[in-house]
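The chain below stands alone, shown as structure tokens; this is the form predicted alone.
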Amino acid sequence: MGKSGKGQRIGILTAGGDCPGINAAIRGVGKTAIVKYDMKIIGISDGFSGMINKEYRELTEHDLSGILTMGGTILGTSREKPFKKNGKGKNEISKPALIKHFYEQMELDCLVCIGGNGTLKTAHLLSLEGLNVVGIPKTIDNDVWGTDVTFGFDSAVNIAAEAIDRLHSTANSHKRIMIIEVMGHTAGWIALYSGVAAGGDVILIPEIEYSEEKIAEYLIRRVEENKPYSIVVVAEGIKNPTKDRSAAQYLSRRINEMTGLESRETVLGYIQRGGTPYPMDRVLATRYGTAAADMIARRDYGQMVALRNNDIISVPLGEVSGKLKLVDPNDPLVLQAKNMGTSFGN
């Protein structure tokens, strides 16, 4: 299935949530493939939906100019999961079969899938169906197994840290507890790094179980030590017994009830995912993209581009699929933060 060398046709799609740096990765793949290898780049619209509905267009070098600093994705994205059972009728063609059919009809030699855990799992399943696939890891959550870091993470941490920096002055002026909620359903990387970078007094992440009582004791002790305000950084996925409140809203109410201290919450939300990528993400996404084009030229399929000890390597998609990279409660950064007096609520 496919040719080698010059003239290869490479499909590229972006799936899952948007994040800073996607366009830089598209550019890295495309410009390297076109300039270095004389390949053709086929941009698939809206993630795997575009493969199912055969929505695509050829991308020229001109199309890739000026997108390095743009947020979002020029190809569009969706959360379509083609292998998820959808109750199709007896005479309907399954979504994976449609993707394989259009892959062959478009005469693709490889499909580059840029995305997080769900996208990379789908990429692996497509490779098992016989498609040549290369994965590029992107997510602000930094929870893709097999790579030291995903692009999007650095920009999200910068955005979150800047927001926390701004809350310090308000917290100090009003002598309040300021609680800021950042993204991270199962992995607390953003909360950990932004909390340390911006001097959070309490950092709560899903991987470390917290005690409301210990948080309350810690905050009261700070007041007694003439530290009249505190910054609490929480990942959205921490323990939250309520369904109608965010983690920050729940914690704000509980802290006020247990300590009598005035508290306010801020939910940062999608601001972390949008806008211009920071330079480190542009560089990392570019490195991933160029490496993906080189892998395709070598016909090194069924792999994900990864970063290990600042070296670009490839990892089999089968090893990545279905795994998450979570914060170890004994991560050096956690221990260092604790040594400086930061509370993790445990």
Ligand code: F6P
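Just so it is clear, the structure is predicted and the values come from calculations on it, not from any experiment. We number the residues from 1 along the sequence you see.
The next section is about a form of this same protein that is not shown, the form predicted together with the ligand.
- The ligand in the model of the complex is not approached by G152, whose heavy atoms all lie more than 4.5 angstroms from it.
- Of the heavy atoms in R79, some are within 4.5 Å of the ligand in the model of the complex.
- For the chain shown alone, A160 is not a contact residue for the ligand in the model of the complex, no non-hydrogen atom being within 4.5 angstroms.
- Among heavy atoms of T147, none comes within 4.5 Å of the ligand in the model of the complex.
- Here is the short version: of R253, H185, H174, R245, the single residue with a heavy atom within 4.5 Å of the ligand in the model of the complex is H185.
- Of the residues I140, L204, V134, I179, just one reaches the ligand in the model of the complex with a heavy atom at 4.5 Å or closer; this is I140.
- Three-residue candidate spot E236, Y270 and R273; every residue lies within 4.5 angstroms of the ligand in the model of the complex by at least one non-hydrogen atom.
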